[in-house]
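For reference, the chain that follows is the form predicted on its own, supplied as structure tokens.
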Amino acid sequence: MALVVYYIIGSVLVILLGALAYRVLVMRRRVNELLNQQTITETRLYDYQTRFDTVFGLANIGIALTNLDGSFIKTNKTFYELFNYNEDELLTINIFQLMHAADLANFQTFMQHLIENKAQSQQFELQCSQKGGENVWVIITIALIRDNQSRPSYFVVQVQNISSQKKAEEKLRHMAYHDPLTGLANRNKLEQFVNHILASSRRHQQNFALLFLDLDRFKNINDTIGHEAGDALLQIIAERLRSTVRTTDLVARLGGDEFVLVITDVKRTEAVALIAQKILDTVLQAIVIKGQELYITTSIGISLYPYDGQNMQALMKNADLALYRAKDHGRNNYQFYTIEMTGRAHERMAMQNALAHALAKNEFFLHYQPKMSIDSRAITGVEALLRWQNKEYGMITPDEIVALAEETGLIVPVSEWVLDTACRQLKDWHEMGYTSLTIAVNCSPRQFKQSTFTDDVLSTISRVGLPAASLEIEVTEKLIMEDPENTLRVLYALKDLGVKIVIDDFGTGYWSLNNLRRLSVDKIKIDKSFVKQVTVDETSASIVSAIIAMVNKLGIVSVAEGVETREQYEFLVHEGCMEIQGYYVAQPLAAADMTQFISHPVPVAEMINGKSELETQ
């Protein structure tokens, strides 16, 4: 019996020991698996950490990690170098210390929004301070990292330096409101200022004066001593005008030798007369340019708000009438506007009547000015320019034609005639074999207000049998900004047709770079007032260089207007401008002359100076 018991006990012990051994074996395998998994996890963590450190350290964009209170945890090299610190220095300060006071409250608000889950991330532009006090513009993006229980843990901050872009935008903004030659306000700034003064004067029942002046026989100065000296004279006159008025007044240059002064808070007419006389005396003082002593006079027309007009247009018009009266009275004097001066308006009405019959009498014709590719030196296209020859009034200037046509509403039929005639002429050139040639047509604000404008363009090119891509519609920045919503809608519709869009006189207005991208503009024509100065004025040269670099990078064709000299041409070649237009290539030509020119496209300036480059290659 005892043996049986011992046997049973022994069997049980064997079973238990076997089970225990098996369990130990299983546990050992499990431990090995866990150790292997730990090794794999540690390897993965190491890989992840290595990748993070590599991306974090080598990123071209500045990256920083901060605590919820804004203190730095870690920054990459790009971040701390942007602010002229080393990493150890940054780790001792708070991100708020980099912010400008004006932006600090907004930045803290954004951080709080992230903590409260009101946003996933925030991005905005702001100014920061570098070590040493210098300012830097950045785009900053901030996001919040939460832990596995969704509690706020730390912030990830990314910064990108946009100082150069901001400087370019500021330069363009300054260009939009200032005359490049004199630094005075331009027409855009004048309109902005007068509209502000009108609102203030109505509210406070104050008066102000508008003085419209130009220099007497200034053309003789340019003709006798050259345009460079004429520009120097204009700069001196601009400084003299600026010195005659208060800081609350405005001096603007409209172009050429035309200036406008706005005198605010006028209490007595006699005070305006004293200022006008002071201007006459100041301008008359001797000017020495290139060792030559010059004397020039000016004539001034004056209108007063509210007596001579309730808006800028009326005040400018009446000051202009007074200016002509000053010219009629022998120049070098000033005249206040009087109601009798409206007689001149009747003469203008007579010209408007003549304009109304010009189409029926076939008095209009077109001239064409070529554009040349700098790389291939081939004529890429022509711009159609309107001309009007009248028996009574002679040759009327294009600006006067447009002004008269806009006032009367005749701009629409006149523009339709221009478009049709230009397209037919281009079709003739295409049939002669010049199929790559394009035609550029200028458009007026009135046309863009016509609901049928896009359909009219399509009808014309279809009827003539012209490819849409051969037609370029030129619009100015000012035209677009007068009614941006409608104008952009029409331009989009034209783009859909395949017509090319050209921004004319670029730099004289202010149009955002974003609009250039949105509209997919085909060409930018740099205004001739900048091109004219590139070899004599460092600021103008920098502006032109910036515009060319910007539009080339955007994939837009850069065209320089008003190129007249070899020096200007060589500057544009060096800066990478793609096309040029101006007297260096050829003046506007009649259709027959243009046909002959495009068959032998040698720039006129080079023919005058001797053999063309094509002949020497």
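Sequential numbering from 1, following the sequence displayed. Computed from a predicted structure; not experimentally measured.
Only in words, not in the display: the form predicted together with a small molecule, which the text now covers.
- Put simply, Val251 is far from the small molecule in the predicted complex: not one heavy atom of it is within 4.5 Å.
- Within this chain, Gly582 lines the site of the small molecule in the predicted complex, having a heavy atom no more than 4.5 Å away.
- Asn442 belongs to the set of residues with a heavy atom inside 4.5 Å of the small molecule in the predicted complex.
- When the small molecule is considered in the predicted complex, Val418 lines it closely, a heavy atom lying within 4.5 Å.
- Proximity to the small molecule in the predicted complex holds for all of Leu385, Pro398 and Asp504, with the criterion being a heavy atom within 4.5 Å.
- Listed residues Arg424, His430, Lys166, Lys528 were compared with the small molecule in the predicted complex; Lys528 is the one with a heavy atom within 4.5 Å.
- Of the candidates Glu474, Asp214, Glu228, Glu87, Glu474 is the one whose heavy atoms come within 4.5 Å of the small molecule in the predicted complex; the others do not.
- The stretch among 154 to 162, 139 to 147, 326 to 334, 443 to 451 whose residues place heavy atoms within 4.5 Å of the small molecule in the predicted complex is 443 to 451.
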